[in-house]
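Shown next as structure tokens: one chain only, the form predicted on its own.
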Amino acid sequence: MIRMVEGGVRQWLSPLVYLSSNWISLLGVVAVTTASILWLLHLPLYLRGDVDNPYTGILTFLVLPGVFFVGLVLIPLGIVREIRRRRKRGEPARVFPPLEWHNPELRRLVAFFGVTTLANLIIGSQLTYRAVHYMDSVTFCGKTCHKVMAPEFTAYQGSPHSRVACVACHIGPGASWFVRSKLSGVGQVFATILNTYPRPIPTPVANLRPARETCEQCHWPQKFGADRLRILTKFAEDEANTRMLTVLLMHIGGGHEKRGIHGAHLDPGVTIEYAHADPGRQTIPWVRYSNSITGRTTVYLAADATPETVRNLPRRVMDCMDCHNRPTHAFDSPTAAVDRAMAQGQIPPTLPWIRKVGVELLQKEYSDRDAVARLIPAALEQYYRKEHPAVFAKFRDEIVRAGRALVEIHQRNVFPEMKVTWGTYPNNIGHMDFPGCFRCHDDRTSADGRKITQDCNSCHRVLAMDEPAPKILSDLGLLQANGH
């Protein structure tokens, strides 16, 4: 037994020495002290906000809090074990000073515990707060689990929402969804550690928060949207890569204007429900339109559906995410990606057959991203060296630039290690690369003869279709003399 010494520093230190006189408690003291010191050393990072490195963040906000709280548990665990061990040996134990307030040893012990507990609470709360804050950051979501989330994070960086934090859409405001996301995240962490996560990562359509509570914090779909001019550029697969323009006048609508895309789907009083036959909600055999203002309710069935076949299918109330299902994590088709790169000059349209050859190179299978970076530029150079030697000799720099652009396109959209390839994630906006609008707008008929129209003019007016120099653009002054 440790003999209590009267007076001086040794008397003040005796409770600490006693409580730390077993190896478990000593280990706990070391863990708490180490975590606290490292936390103080990382304090400048807090003040500067310099937590962009994901591995620094893991150390600062995940490892240190774990070590800190494990140490706090070990200290009393060691004390309890030591008391039981002494009792089994039959030693006369004076475990604590007499429980009388006038005893100075008891008051010092209480003061010691009070000060250390307060310090631990302050440090622990800061670590916990910072850990939660860090786990809500874009850095954590996109970089910490870099292999798992590489496709989504890559698409996010080039999206219209690249300055919006992941949690703003995936969690949103409020405590209930915050807690739900953290509980869900526990399983995802274990799946990452155990390497049991699915490949590709499925789109989380089943557990996304309703768009009214996330998207509509910034967007107001009921607001009237005037018609908008949209110009689509694509290139033909011919030697000259002939540029063709499609001009659409998009009918956005909304508000109390009972027309346009938003007006038809989001007008006040309108509720649209649907049943889907697949987890990705791409096959929709049943739709119900309800209008609380007019009292109208209409049910539409697909041609191959019956009331019996759709009765047990899951149903959902339509919201923004049913059309805008890839507002941030959007992936291109190879044709659309090459067309855009050519329109922006990243791939020179003057190279003969570059549109056709570029798309073919993108659609080939490659073992990994290193192979893509090596094989695509080599294959492109080999093509021009063999088929167009004069072009290769004159425009070699442009061919190299085109090869780099094709590699960038492939690496933005295809991730072999995650089994993400062209078309893995459907985009429901439009109807060019995926069914999109036509999941419902397929001219299906209700019992009273109404149709969900497939008429192009209900959503947009086609002002020009695949024309090299549309007159409408010339009239509006949007077509330059050189045709670009």
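Sequential numbering from 1, following the sequence displayed. Just so it is clear, the structure is predicted and the values come from calculations on it, not from any experiment.
One more form of this protein, predicted in complex with a small molecule, exists but is not displayed; see below.
With the partner left out here, the small molecule still marks one of 301-309, 268-276, 389-397, 343-351 in the model of the complex; by a 4.5 Å heavy atom cut-off that stretch is 268-276. The single contact residue among V372, V287, V414, L361, judged by any heavy atom lying within 4.5 Å of the small molecule in the model of the complex, is V287.
With the partner removed from view, the residue among R199, R230, R87, R385 that has a non-hydrogen atom within 4.5 Å of the small molecule in the model of the complex turns out to be R230. At least one heavy atom of C456 is located within 4.5 Å of the small molecule in the model of the complex. With a 4.5 Å cutoff on heavy atoms, N241 does not count as touching the small molecule in the model of the complex; it lies far away. In the model of the complex, at least one heavy atom of F438 sits within 4.5 Å of the small molecule. In the model of the complex, A405 stays away from the small molecule, with no heavy atom inside 4.5 Å. Figure legend: C-alpha atoms of H161 and F224, shown here, are separated by at least 3 angstroms less in the model of the complex. In summary, the C-alpha positions of H329 and F224 converge in the model of the complex, ending up at least 3 angstroms nearer each other than in this conformation.
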